[in-house]
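Below you will find one chain, with nothing else, as structure tokens; this is the form predicted on its own, and questions on how it binds or moves follow later.
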């Protein structure tokens, strides 16, 4: 299609990233997919049904972001739509968070998105068009017990988005965060298992506990998050926002 854009989705192997990639592909865009698991990326590419690039990479490693962007540019030209979705969560009481775990949360949830933005922005400014969406969290806006490292990183993501949006507001480039509550994804499954093992609750009880944290009484779906991402892609008048997709948990 004439207005097909070059997109890059990080964390595209499953969950939110896969659903966002499929949504972009369905709109006729070229979608580059990156995540650590090549097998999962191949599965995502198979359901996109359009032109894709499969680029396995660990974006926390030195040089990985540069390599991914260079490969996209070699194939299709500059990235025009960036969805920085890759992330991870962990849980521990504050005194038990190790330096290594603190750094891991910052590296994947904050530093990797920063490097992606830094790499994407010059070409977007030059072309006068860009859409950047970072997947934040309800933890970008409030604190909860036992997730201090994750919360600090996700608060940082929202600060990064706001600063970048202010800097790029006159350049045709929008920068937004989508901030979901607990989403029905493999990452939440892992959180459920971890909480259950520490608390002695069953996994079923733990999942029900997380569902009750949203006023709507259920987990958010990946499609609901993808809808918010697509809104940010389509609406040139929205920038610098942290858009809640949380079933009413945070009213703003």
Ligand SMILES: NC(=O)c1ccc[n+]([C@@H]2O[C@H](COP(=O)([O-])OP(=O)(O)OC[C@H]3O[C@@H](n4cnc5c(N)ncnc54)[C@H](OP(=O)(O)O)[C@@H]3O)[C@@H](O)[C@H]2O)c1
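Residue numbers count along the first chain shown, from 1. No experiment lies behind these values; they were computed from the predicted model shown.
Same protein, other form: the form predicted in complex with the named molecule, not shown, and the subject of what follows.
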{"item": "is_contact(residue 33, the named molecule) in the predicted complex, heavy atom dist at most 4.5 Å", "value": "no"}
{"item": "4.5 Å heavy atom contact, residue 186 to the named molecule in the predicted complex", "value": "yes"}
{"item": "is_contact(residue 16, the named molecule) in the predicted complex, heavy atom dist at most 4.5 Å", "value": "yes"}
{"item": "Contact test in the predicted complex: residue 86 vs the named molecule, heavy atoms, 4.5 Å", "value": "yes"}
{"item": "Stretch from 120-128, 93-101, 78-86, 162-170 whose residues place a heavy atom within 4.5 Å of the named molecule in the predicted complex", "value": "78-86"}
{"item": "Heavy atom within 4.5 Å of the named molecule in the predicted complex - the one residue of 133, 108, 149, 116 that qualifies", "value": "108"}
{"item": "Candidate site 37, 154 and 182: all three near the named molecule in the predicted complex by heavy atom within 4.5 Å", "value": "yes"}
{"item": "Stretch 53-72 - residues with a heavy atom within 4.5 Å of the named molecule in the predicted complex", "value": "57, 58, 59, 60"}
